[in-house]
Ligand code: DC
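What follows is a single chain, given as structure tokens, in the form predicted alone.
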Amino acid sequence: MTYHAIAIDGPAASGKSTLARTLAEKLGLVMVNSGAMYRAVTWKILSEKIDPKDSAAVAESLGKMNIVCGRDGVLSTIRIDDGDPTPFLRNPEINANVSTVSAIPQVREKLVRLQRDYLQRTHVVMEGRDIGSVVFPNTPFKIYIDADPSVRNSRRSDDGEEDSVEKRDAADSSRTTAPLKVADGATVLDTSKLTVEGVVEAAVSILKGQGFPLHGTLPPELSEEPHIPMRWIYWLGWMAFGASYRTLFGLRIIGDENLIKSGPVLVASNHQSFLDPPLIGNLYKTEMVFFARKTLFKGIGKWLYPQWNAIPVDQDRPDMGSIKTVIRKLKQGWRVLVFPEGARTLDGKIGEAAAGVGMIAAKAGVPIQPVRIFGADKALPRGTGKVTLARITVKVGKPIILSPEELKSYSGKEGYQALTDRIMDAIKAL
């Protein structure tokens, strides 16, 4: 699976963050604020009473920091030594020292590596001052945002920050390590006289011209997901089940804004009924892959289930062949549904889960989408075959995005089980 990076560069208060976040929301991508990463390190350095100008001391402290980058919805997150710097990133002392810390080569080297790691897992919109020139120099999707200094100073003041953009510009442009500049191949967009909507519209036009595969949520001509038509047999089941769920069971979906709509995703759900696989499948407008009991693959099921992308699994013993197939499908870019509990519930409660789903998640390294089903056990209880008109609700949780450091920590039987438990906790919390 090839992931794309949209690089948005520009000076302070030019509108980079607003544009990057809006594009991420509309296109279903992750917005990475590289400046927040440098601010977070600056926060840590200052909290340890280290002089930001003492590059050797900063580099030594940096080498001991445990920096974990993740994702919360469309936004990137950062924690250092298990502390959350987010509330402090715009403090005056951070504003005054971030350019100094950012200019230290060891700081940039480490954070650029972490920034590039995002592209191993998902598509990104990343904003900063050297994204198109240093972090992703080979991406064809580059925009340089600028605005008149008076406009930028006014925006800075409106945000409650009084530092001079001219001083930030001078510091960022004159540093020897990754200076602020217009990257090769970037399109310059002046936002001085544009509204937020105008900036976004102009940026989308630029990305179209650069050939970006716009498959996010921009109406009306752009689809929510990559436009890969369903095969007729899959579409027929998708339509029939979807209509039945809405008509008979009053299907209600909560949190669908949390759905990752591009790239490979491991969808993990509780398991209540035979209704569950097509129920989850109806959350998306493209085909997905799911596990099904081996015993279902006989008679017409031997033909039909493979047409619906079902992978047979032996529930009575560990089935490494099926797990390897799912990992391969994820790495090929498919969306895959798994039920960590394995079997359907008998009493509506969420059961225990073995380490298999943790192994899949750790080895595939893709985003994990927790989902919880309510009411399907009443609509079609296990062992009865009797359908009742019970209300079905599906809740979609925020995705779990594992950093490379976290993926490494979830290894071996105990690590796989720990990751499974984390996924199950996310499902139970919905």
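Note that the structure is a prediction, hence the values are computed from the model and not measured. Start at 1 with the first residue shown and count on from there.
Another form, the form predicted in complex with 2'-deoxycytidine-5'-monophosphate (DC), is not on view; read the next lines as being about it.
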Does 2'-deoxycytidine-5'-monophosphate (DC) get within 4.5 angstroms of any non-hydrogen atom of R168 in the predicted complex? yes
Answer yes if any heavy atom of S99 is within 4.5 Å of a heavy atom of 2'-deoxycytidine-5'-monophosphate (DC) in the predicted complex; otherwise answer no. yes
Should F374 be classed as touching 2'-deoxycytidine-5'-monophosphate (DC) in the predicted complex when contacts are defined as heavy atoms within 4.5 Å? no
Considering only heavy atoms, tell me if V125 and 2'-deoxycytidine-5'-monophosphate (DC) come within 4.5 Å of each other in the predicted complex. no
Heavy atoms within 4.5 Å of 2'-deoxycytidine-5'-monophosphate (DC) in the predicted complex: which stretch among 283 to 291, 99 to 107, 342 to 350, 146 to 154? 99 to 107
Within 128 to 151, which residues come within 4.5 Å of 2'-deoxycytidine-5'-monophosphate (DC) in the predicted complex, counting heavy atoms only? G128, R129, D130, I131
